[in-house]
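In structure tokens, one chain follows: the form predicted alone.
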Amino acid sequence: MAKSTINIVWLKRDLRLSDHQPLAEATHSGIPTLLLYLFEPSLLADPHYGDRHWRFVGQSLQDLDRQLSQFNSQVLVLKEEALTAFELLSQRFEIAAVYSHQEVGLALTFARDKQLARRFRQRQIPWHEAAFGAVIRGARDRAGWDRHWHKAMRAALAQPLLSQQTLWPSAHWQGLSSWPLPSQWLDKQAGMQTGGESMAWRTLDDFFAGRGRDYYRAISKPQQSRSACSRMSAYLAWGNISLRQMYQQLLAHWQVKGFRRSLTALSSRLHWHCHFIQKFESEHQMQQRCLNRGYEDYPFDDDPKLLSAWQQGRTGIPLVDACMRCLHASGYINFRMRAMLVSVLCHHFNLDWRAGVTHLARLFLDFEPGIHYPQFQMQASVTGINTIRIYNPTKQAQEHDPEGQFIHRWLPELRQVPPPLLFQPWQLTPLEAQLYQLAPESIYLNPLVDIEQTAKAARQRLWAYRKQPQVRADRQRILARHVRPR
């Protein structure tokens, strides 16, 4: 019996049906298209990921299936490594072509893609990969990059042709069936954002409906940012909406009264989104080593006790612990608080950035490898080109959580302590500690480090090391490759 001929659109971090170039190309080709998602066991076991990510993906797939049901189709979900999955599909179908977005991912997915490309060439199966956002694959410098970004963001949306004729019906899967999602991925989790293209648009529409007016004022505040920020990072990370769609919506609201300052700030951050992913694309080795190779011999300490306390939110520094516990519960904190967590790990605790990079990746619902690694190293001060910023958690709390709302919410043991005593509880007298129901052994009366002393030591260490010949030498290479020419 002759095998049916189909296209395959391999979905990865592009879980949407609109502005989707691979899906548009496949559905306009005249050959029926099957949508595929793979839960690869190697990625399921990877320390960067956890149930919160796969739940978000599962919710996104459910949303796609609801949209596709009108065409008698759905996404075929397989729990297989990519090579095995495509071998299985080749046995049942004649694959005319595979379509997907380029993935700026981990070393694991990069190696997988190279292996898969060789297999497709051997089988003479065309693999059409569309660019991811405005990222240029293999770029060696940033000449013309800004113009390219604006051109890509303002281009017409790539709209698929969805119909019963262009999509392969799920009833004709040749004996295949979708892998049933684990029960723990099916339910919504309180405090955690829900995945899906529909939720992405609801969240963005709500931002423009009013809450975004305070974006520019609230962006650095850990509590207010939870509602005033766009909250689109997870939807962008998993492709429930494209960066181009979000940018064009921003432009459409540019003249709305009261939004200009917020949209100016948001626009710059959308530009940074691709900037950092481009940096990772051009220098993916930074997953394992410092961007500036001169820092490979930097004298980091090795203190499992400090690392464990940082990971669990038990350092005795109120804002640091509140941020980490908030991440455990909700998967989200704002950018400034993320930078502060990295600064405490690498500056105040003097621990290697690699000791904490996968921990935060696993907690960030919006984990995006291309943003995570360049940002982490920048905040850890191991690039040799960025300003060294040593965050003072007490000062950050005083300036951005002056009423203690955020700390009180996430640290119940400190709810009786009022500001400004809340920000430095180790300075409480024994009588005050008793009054505010803090036991003598509380970590907030006995923090693991003195942040004034550790900041001073870090400052001396970092500025002295930055003068090392090997750091200065690699700085020139980095500037030539990653800095946009004026």
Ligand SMILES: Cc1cc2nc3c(=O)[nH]c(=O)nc-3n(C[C@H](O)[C@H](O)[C@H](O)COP(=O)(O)OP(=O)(O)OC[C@H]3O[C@@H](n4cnc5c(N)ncnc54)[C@H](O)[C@@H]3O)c2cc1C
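Residues carry their position along the shown sequence, with the first being 1. Predicted model only: the values in this text are computed from it and were never measured.
Not on display, but discussed next: the form predicted in complex with the named molecule.
With the partner omitted here, the residue from Leu327, Leu116, Leu236, Val98 that has a non-hydrogen atom within 4.5 angstroms of the named molecule in the model of the complex is Leu236. In summary, among the residues Trp168, Phe349, Tyr332, Phe93, the only one with a non-hydrogen atom within 4.5 Å of the named molecule in the model of the complex is Tyr332. Relative to the named molecule in the model of the complex, residues Met246, Leu270 and Arg338 are all within 4.5 Å by at least one heavy atom. Comparing 178-186, 296-304, 135-143, 228-236 against the named molecule in the model of the complex, the single stretch with non-hydrogen atoms within 4.5 angstroms of it is 228-236.
Although the partner is absent here, Val342 lies within 4.5 Å of the named molecule in the model of the complex, judged by heavy atoms. The named molecule is not shown here, and in the model of the complex it never comes within 4.5 Å of any heavy atom of Trp353.
Residue contact check for Leu363: none of its heavy atoms lie within 4.5 Å of the named molecule in the model of the complex. The shortest heavy atom separation between Leu266 and the named molecule in the model of the complex is within 4.5 Å. Within 4.5 angstroms of the named molecule in the model of the complex, the stretch 355-383 places a non-hydrogen atom from each of Phe364, Asp366, Phe367, Glu368, Ile371, His372, Gln375, Phe376, Gln379, taken in sequence order.
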